[in-house]
Structure formats: structure tokens, C-alpha cells
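The data below hold one chain only, encoded as C-alpha cells and taken in the form predicted on its own.
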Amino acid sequence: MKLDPWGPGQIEDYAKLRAEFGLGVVDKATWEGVKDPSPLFEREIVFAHRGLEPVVDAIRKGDPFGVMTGLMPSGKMHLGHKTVIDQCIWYQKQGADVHIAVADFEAYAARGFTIPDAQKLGLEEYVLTYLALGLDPKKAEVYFQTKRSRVKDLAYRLGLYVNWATMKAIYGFEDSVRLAHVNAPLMQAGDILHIQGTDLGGPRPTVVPVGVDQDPHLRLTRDLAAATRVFSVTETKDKKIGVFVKPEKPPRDVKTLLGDVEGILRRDLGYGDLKRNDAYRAIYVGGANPNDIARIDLALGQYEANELGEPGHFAPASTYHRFMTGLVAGPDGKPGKMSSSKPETAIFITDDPKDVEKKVKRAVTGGRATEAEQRRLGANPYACSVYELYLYHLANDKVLAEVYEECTTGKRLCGECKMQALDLTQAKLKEIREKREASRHLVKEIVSDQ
């Protein structure tokens, strides 16, 4: 399998993808002890993660955590895009600070948009809708990549830790690719990591909710976060948990650093059985296990940032959601994902009601060839783009269960199901459109000018 952040592909086997790329499972058990998890988690629309445990732990304890995501202003916002902002709003209600990048540089470098056009599209299509959906501007910020110099500066510095061979291996870049395009992933890494600056909350658990095609960016960013650290916290071959000062020139002498680490481990984290080895630049933490690594690493990252003036980047977590299926089949007879570049496949937030009606009525379903066959055998909701509208956006648990039961037992035919989905979609889009107009005065409040 290949994941291309700029490609059009649809994923056919999410379980296989999760296994092949070493992603963690997101299911009901993930959120045990968390009040009112989002339906997107409970229904496993968000199906996989990298390093999410510290974020969930922060939510359970009421500790600070951050959310960072971005929008690509290269087309109109559709219902598939809404999945990300729904997660951001839920995280915000759990106490997160939310940061959203308008990727105007990437739209310019990888999609051929002008910067002014990308910025206008980002504001009108996306930011206004985010506010209408309920994003609280008092606990969130939206910024443009090209206007935030600290992101560009950090991207440049992160370039010290990655070479061309690595970029080719991760992204499959050909030698003909333009360097501006190559730089776009470093800009994304800068976006993700800069929210851990001391003035924006410092090193803390952060999560990046994105589509699974963006995983290459997160793999790169997590590696870069580790590369910039003064300390590494790992499990050794003999199953000990060790804190190691990296061999590069440290910001203080090693004995002083290890002394400070000892204090943090004993005083702040409560570890009493410590074995220090100055020659190996190491402290071994007795009683610790692999589940303690993130806790220790976070405390040391905060020390690096607050006391040593280093970045102290704590590895960002990521969650991955399933793509919404396109409403119509492609040339191969199979539906791909909803796409802004293929208007017939997507329901856009600002679509005219007549266009919405046409799209829903033409949508591919999981129905049988004849009414008699469907009454006898039932339909397949998992092959139905209309059922996905209910699953992702339109139905509470009770309604969803009714639709599923009636669909699979043959009580419900696709025509009547489409009409119900159409009515619910029209009502939801009407509500969003009205709130968009009522939210225009909040745009200046949420959009940063730098």
C-alpha cells in the first residue's frame, strides 16, 4: 500500500492498512474513562492512531493538551472535510487549545494556487464554516502558513535533521519534483511542532486529526521531534528504562544535566530506584516500564524548553479517519472518496439545495438489483454512500440503528432511504448556511494576522 498526501486514492482495506503501517487501533476501549466520546470514535470512523495514549490520559486527568490540524484551500469544503472539524470541536470541549493552519504555501507549492486565491478560499469556504459548526474562537486560532514566520523558521531548522534520501523514501519524490513541493512537508512539521512553543502552551500532549493519507507527514514529524531533543527515553535491550543525554554537544555539562534529571525523576515523578552512569550519559529508572516512557519524556521535554531554552518537542499524536465514499462511481465502476476536484462525488457545504437533491438521488447505494430481492435478502449498508451520510453526519445512535436494521432486513428500500437522507441533509446544510452568515463577525477574532 502507498499513502500519498497529494493523491486521489481511496482505501479499500483499512484493517490491512492499519497493520501494514503499524497504526494503533481506535475503538470504544481507547476512550474508557472519558466522558461522552465523540460518535466518530464510537462508530470507528476514526479508526487508527499514532501515539494517542498521552492525549487520552491528559483528557482523563484534565491536564493541558493541544490540537493542531490544517486545511488545504484548493477546493470547496464538503461533508468529508467536516469530519476533522467535528473532532476539533469535541477536543475543544475537553479542554484543548486548537490551532488550524491554512496551508496556503502548500496550495501554492503543490497545487498551483496563487497565495491570495488560497487565502480567500480558506476563509470563505472553511473558516466561516468552522465557526458555524461551533468552533469557539476564544479557545482556537486560525493562521496562514505564509504569514507565520516562526513556522517557516522552524521548518528551515528542521531541515537540518532530514536528507533527500529520507524524503524520497517517505514520499516517493521523483528527481523532477520542485523543491518548493519538497519543502511543504517541512512546513507541515513546523505547523505541528510550533504549537509547543513556550508562549503557546509549551511541550504537552498534542494530537493531529487528519485523513490517513496524511500519515507520511506525521511519521516525518514524530522523527523530527525526537531528533531535536536533548534527551532520549528508551527501553534497553535488557528491559530497563533509561534516560540518555544525546551525544551531540549538550547545552550544559553532562553531570549537571544528569543531576537535574535525577531531581525531576525523584521529586516530580516519584521514582526512587535510580542508577546513574555518567560515563554512558545515562540514568536507569528502576520500577519503570514501557508505559512510563511517555510520562518521563514529557517531563524532560518541559525541562528542556523551560530551563535549557531547547525546543523540547513532545512527539505529536495523530488520529486517522476513514474517507467518506464518493456519491457516484468512477470510470472503473467503483466509487472513490469524496473529492473537491470531482463535484459530482461530494456534497459541498455551500451547495445549492437543488444540486444537493440531484446528488443524493443519484448516489450509489448497497441495494439489490430488484425490489423483491431486496425485500428478501436486505441491502448492504457498508457498500452504500447514502448510509455513510447517516453514519458520519445525520443520525443519532437510535436513528442509525433503525436505518441499519431496516436496510439489512429488507424493510427499507433505497428510494425511501435516499429521501429521508435528503431531508436531513438539506436541514443540516440550511442550519450551517444560516450560522455561517451569523458568524462572519467572528472571523477577525479567530484568524491571526501573523
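Keep in mind it's a predicted model, so treat the numbers as computed, not measured. Residue indices: 1-based, along the sequence shown.
Keep in mind the form predicted in complex with a small molecule is missing from the figure; the text below concerns it.
- Using a 4.5 Å cutoff between non-hydrogen atoms, Q188 counts as a contact of the small molecule in the model of the complex.
- Taking non-hydrogen atoms only, L220 never approaches the small molecule to within 4.5 angstroms in the model of the complex.
- Taking the partner from elsewhere, M68 is found to have a heavy atom lying within 4.5 Å of the small molecule in the model of the complex.
- In the model of the complex, T350 stays away from the small molecule, with no heavy atom inside 4.5 Å.
- Looking at the small molecule in the model of the complex, residues V356, L389 and L429 place no heavy atom within 4.5 Å of it.
- Heavy atoms within 4.5 Å of the small molecule in the model of the complex map, among the stretches 277 to 285, 103 to 111, 161 to 169, 251 to 259, onto 103 to 111 alone.
- With the partner omitted here, the residue from T146, S339, Q214, Q119 that has a non-hydrogen atom within 4.5 angstroms of the small molecule in the model of the complex is Q214.
- Out of the listed residues V127, L327, M77, M72, M72 is the one that sits within 4.5 Å of the small molecule in the model of the complex by at least one heavy atom.
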